[in-house]
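First structure 1, then structure 2: two forms of the same chain, each alone, as structure tokens.
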Structure 1
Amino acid sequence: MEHIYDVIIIGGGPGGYTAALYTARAGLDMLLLEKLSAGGQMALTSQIDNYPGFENGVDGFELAEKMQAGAERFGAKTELAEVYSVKLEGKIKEIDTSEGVFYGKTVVISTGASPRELGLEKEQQLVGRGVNYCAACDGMFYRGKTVVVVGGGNSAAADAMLLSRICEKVIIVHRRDTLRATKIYHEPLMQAENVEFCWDSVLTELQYDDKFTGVRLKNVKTGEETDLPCDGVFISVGRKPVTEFLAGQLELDQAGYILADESTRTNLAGVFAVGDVRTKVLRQVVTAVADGAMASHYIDEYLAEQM
């Protein structure tokens, strides 16, 4: 007989390890599957200032290790494995991974979402050293400085609004001649004295010496290239949820996020989605943690109904 876990959690970000903490502490037989290491996107952030309880901020990797250790204190088990495919219908769920097949009565999907990159040379190497993807996470490091925001959708407009209250100057670079963001953002951005626009432009190069110095822009209509000095760039061209392995088994929205409300329940019984991978307004560490706790409540409820 194959071992059947009460709970299998896919993804070891803050939502996944909070679900692990709560379910392990409740005495459930659980397993967390993580491809690389604890933390997900959080582990790539060198300084998190908006997670409660750390008055001087905390390193994302350090916080991830603490979350894992806290869950394992109550018996949470972690298996380093890449998930290839899943079968989520029925009472017993099947997870096919690089370390074999695992079975569970319930599944929590906590695979997160990664920022869409521009694909520029040295982009990855400069993350946290001039290149950023989250204004709410990293905007405070640019207080009184000049930053560029790349994008024209709602996320870019929201980032620009937030940064305009922190930075000396915010320059929005967009490949079109008007924002794609909803109208509610247009007037405040147009009226902000420290917000400028570079229309019909794309970012083609990240410039750095000993430190980040600026960007090179190309006008898509004229082909003209210009250098724009700045202290940092925020790339806000969307995020990509990690849901490819689901193979159409769960309902997703148009952007590929799992349709799940604040209960974290999906369209399939016994399957839950927490953190950045589900549809939600705010994607932050603190909201992912809340999702993990909420999922544990409904897992208890679901398992009780199956007895």
Structure 2
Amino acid sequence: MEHIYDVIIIGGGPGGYTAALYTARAGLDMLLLEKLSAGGQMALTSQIDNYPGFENGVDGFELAEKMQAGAERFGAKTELAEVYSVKLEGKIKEIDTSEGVFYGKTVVISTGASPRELGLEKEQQLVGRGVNYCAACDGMFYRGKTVVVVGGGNSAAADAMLLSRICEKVIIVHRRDTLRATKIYHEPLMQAENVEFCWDSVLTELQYDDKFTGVRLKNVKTGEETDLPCDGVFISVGRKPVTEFLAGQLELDQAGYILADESTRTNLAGVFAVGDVRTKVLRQVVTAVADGAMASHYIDEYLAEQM
């Protein structure tokens, strides 16, 4: 007979490792599946200032390692496995992964979200060769160069700010005629001497020969197309939840987030959704960890009912 865990947690971000801490500490037989390393999106943020308890802020990767270590102190187990597919309907849930099939009485989904792509031709192939999704990660390669930032929200504005300190020139391309980002970003960006704006514009093409050469823009009001030479493009047009592997087994909202309220319970008994992957108003580390704790409470309740 295969081993059946009380709890299998998919995704090792702050929500996942909090669920791991609470369930391991409660003595449940649990396993966390993570495809790379702890932290999720948080691990790519070098300074987190809005997670309480750190007066000087905290590095996201370090916080992730601490969350993992804190859960492991109570026996939490992690397997570096990529989940391919799941069967969530029965009493025993099946998780098919790169490290084999795992079985659990309950499943916590904490797969988070990842950057949204523009869907342009060759976009995937050019990642790391001119196409970037993380200014904090790849900005350093564009020191003294000209880059385009696509998007108008907070993360696009923050990326543009960061890049303006490294790059020769930053051009923000946005499909509207004003930034959607919080007011706090507007003034410094408008003031920055090396930041320009292309309003009402979208990217229609990525241009390259043996290296990246630029982008083609289309003005959404006039339909006019122009070429904009640049050394790289940073795409910051929002995030999408990682829910494709669920293959329709859980109810999602229109944007693909798992429908669950504060209890983290989904439409399937014994399946819980925590962190950014769940429908919620505020996606933050601090709300993700709250979800992890809530999930453990309802897991206890569910397991007790099953006895």
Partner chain sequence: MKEMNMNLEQFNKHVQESDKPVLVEFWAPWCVYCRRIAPAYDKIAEQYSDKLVVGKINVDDVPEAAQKEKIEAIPALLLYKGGEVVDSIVAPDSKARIEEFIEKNL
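Residue numbering: structure 1 sequence, from 1. Keep in mind it's a predicted model, so treat the numbers as computed, not measured. Superpose the two forms; the largest set of C-alphas matching within 1.5 Å is the rigid core.
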Original post:
1 or 2: which is the form predicted alone?
Top reply: 1
Original post:
Per best superposition fit, same rigid part for residue 175 and residue 202 between structure 1 and structure 2?
Top reply: yes
Subject >> Rotation (degrees) of the smaller of two rigid parts between structure 1 and structure 2, from C-alpha fits >> reply: 52
Original post:
What is the Cα shift of residue 117 between structure 1 and structure 2 once the core is superposed, in angstrom?
Top reply: 4.7
Original post:
Rigid core superposed, residue 128 Cα shift between structure 1 and structure 2 in Å?
Top reply: 15.4
Original post:
Can you give the CA shift of residue 237 between structure 1 and structure 2, in Å, with the two forms fit on their core?
Top reply: 3.0
